[in-house]
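Shown below, as structure tokens, is a lone chain in the form predicted alone; questions about how it binds or moves come after it.
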């Protein structure tokens, strides 16, 4: 187990139990939580764990603030969509699209890194924001390739659609959508373990040293710009692969689903809630945030009905105010867990 986790122990009994519960819940989601909505939520958690962890590789380990992460996510998604649209439905087209999206994301990230990483952090963040905004506008205008604002519907192989049925397992109907889910789950698990290996390698240690003190790291012989550029490229390529899985699962790609600034803000919130500088923070933060996004409104509706006889409280718990309470939960998590939930559980100062 330690080899699988690259020697990165959770270092907390509570965190170990929490991670085990999340892993088992995602691994057996089609059987534990039957229903289309539950499966959609589980798949989104899997994909966003990889996306958030890839961003934490950049921010938490490399100390690099970027607002272009959704751009790389979208490159992977559009790579699959355009490849299937041009080459037809098939696993070869899916794989080629994911590969091309990953390579393009890596090249673009390298160019951005080489041209911009020598400037101060805030200016680099502004440059990435400008580039991401320009790409989003470009995608919406190139309608002959990207479908414009309407996006693109993706025709995936029949074996991955609900029309393909295998039978029943443990009382649950297993169809192509379940197989699609396990494709997403397996791909995300492999990518997460690769990142866990990466941050616990000598390369990851150097990244952390650069984050703590770039001048000292350069003084002892490490090429800071090279390591930061490599971190940017690796983060972008993994984000592109997460985008490819998202496109295959959703069977649709559009500017609002992959390139929106709202997604970037969600990624930042998940990183802060879980804890920066730890891969496990991406798991915990993403699970909590996505579950709150999908079920907090319903929970508040039930609480509002249960307290209908009381004054004021039903209005405060109205489902229309779910975003307000989501903001309150975020503020409380930052106040009580300044190093994130995982950082607090590990005793990190």
Partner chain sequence: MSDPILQLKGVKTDIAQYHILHGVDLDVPRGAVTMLLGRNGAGKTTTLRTIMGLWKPHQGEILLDGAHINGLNPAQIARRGIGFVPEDMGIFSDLTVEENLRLAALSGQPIPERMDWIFAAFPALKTFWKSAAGTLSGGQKQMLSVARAVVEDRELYLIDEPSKGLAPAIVATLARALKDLKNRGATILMVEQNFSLAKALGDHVAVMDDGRIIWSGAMAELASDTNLQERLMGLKMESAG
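All figures in this text were calculated on a predicted structure; none of them were measured in a lab. Positions refer to the first chain, counted from 1.
Another form, the form predicted in complex with the partner chain, is not on view; read the next lines as being about it.
Contact check for residue 153: no non-hydrogen atom falls within 4.5 Å of the partner chain in the predicted complex. Interface residue remark: residue 222 is counted as part of the site for the partner chain in the predicted complex, having a heavy atom within 4.5 Å. For the chain shown alone, residue 208 is a contact residue for the partner chain in the predicted complex, at least one non-hydrogen atom being within 4.5 angstroms. Contact annotation: residue 144 falls outside 4.5 Å of the partner chain in the predicted complex, judged by heavy atom distances. A heavy atom within 4.5 Å of the partner chain in the predicted complex is found for exactly one of 183, 82, 112, 217: 217. Only one listed stretch (249-257, 94-102, 209-217, 157-165) carries heavy atoms within 4.5 Å of the partner chain in the predicted complex, and that stretch is 209-217.
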